[in-house]
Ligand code: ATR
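Only one chain comes next, encoded as structure tokens, the form predicted alone.
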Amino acid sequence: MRQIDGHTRLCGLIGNPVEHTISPVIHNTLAEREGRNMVYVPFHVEKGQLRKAIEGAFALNALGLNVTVPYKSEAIGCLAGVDEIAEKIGAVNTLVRTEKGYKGYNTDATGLYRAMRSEGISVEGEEILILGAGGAARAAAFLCVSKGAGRVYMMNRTEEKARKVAKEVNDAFGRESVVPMRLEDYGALPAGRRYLAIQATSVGLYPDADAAVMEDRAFYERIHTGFDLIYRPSCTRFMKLVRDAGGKAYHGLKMLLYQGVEAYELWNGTSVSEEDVIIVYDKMKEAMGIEE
């Protein structure tokens, strides 16, 4: 067991709720593997207390923080600086200590990219469906456009929200890459194509594991690969429907893994070995009772 002493550096997760998180497995395993005197702890931050929490962490000399729902956008107003990519996305999930305060980064998008790459999924040149128009969908859209995807269809229950996010992404890149549309209008998608689909809503998240944002088999027959950002349960209803229609499907645990690895690297100025990445992923699966 690692010794906690006066030199131990503190990192943590702020959000509401945080009790379900397995992020401590990522960071405490990496610190132990590297022999680094660091500990990672989740902090439940009540509504209206975010600024106090961030300023308090800085005053307590905390090395860095992760930020999860519902504070990824709100946190930007509490920071000394924001990375260019995170500013475009409009959300941060990693805070890195500087002399004047924390600087915000977004490792969700890059974590998603690394997760998909590790599964052999290409983004470049792909026609992509993004289900949802919230913060996770926004980060996915920025990622897909930045990596050279073909057309990206942002599909949401309400087209107005999808239209707003699509405009912001298109304006940021100076081209009309993202097309907003209502989810139920999937029949208007160009015929004869199969798509990579990124499920970026919270529908199907444990304990509501039997739900999917769309049930129509005809929709899933248009998908060659589905990537669900949800990692609990390890086989979501969305994934099952994709597989039943003949496609491949993956859960979001590797996205959680890689966004955490990148946060750890930013805090500590290090590069995590692929060997340690594999060890951490095995520990995450063990913590969740996943057998693959």
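Computed from a predicted structure; not experimentally measured. One-based numbering along the sequence shown.
Not on display, but discussed next: the form predicted in complex with this ligand.
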Taking heavy atoms and a 4.5 Å cut-off, does Gly132 contact this ligand in the predicted bound form? yes
Answer for Asn156 alone: is it within 4.5 Å of this ligand in the predicted bound form, judged on heavy atom distances? yes
Although this ligand is absent from this view, report whether Val213 comes within 4.5 Å of it in the predicted bound form, heavy atoms only. yes
Can you tell me whether Ala200 touches this ligand? I mean in the predicted bound form, with a 4.5 angstroms heavy atom cut-off. yes
Counting only non-hydrogen atoms, choose the one of 90-98, 74-82, 170-178, 157-165 that falls within 4.5 Å of this ligand in the predicted bound form. 157-165
Let me know the one among Ala136, Ala86, Leu143, Val152 whose heavy atoms come within 4.5 Å of this ligand in the predicted bound form, would you? Ala136
For the stretch 89-107, return the residues whose heavy atoms include at least one within 4.5 Å of this ligand in the predicted bound form, in the order they occur. none
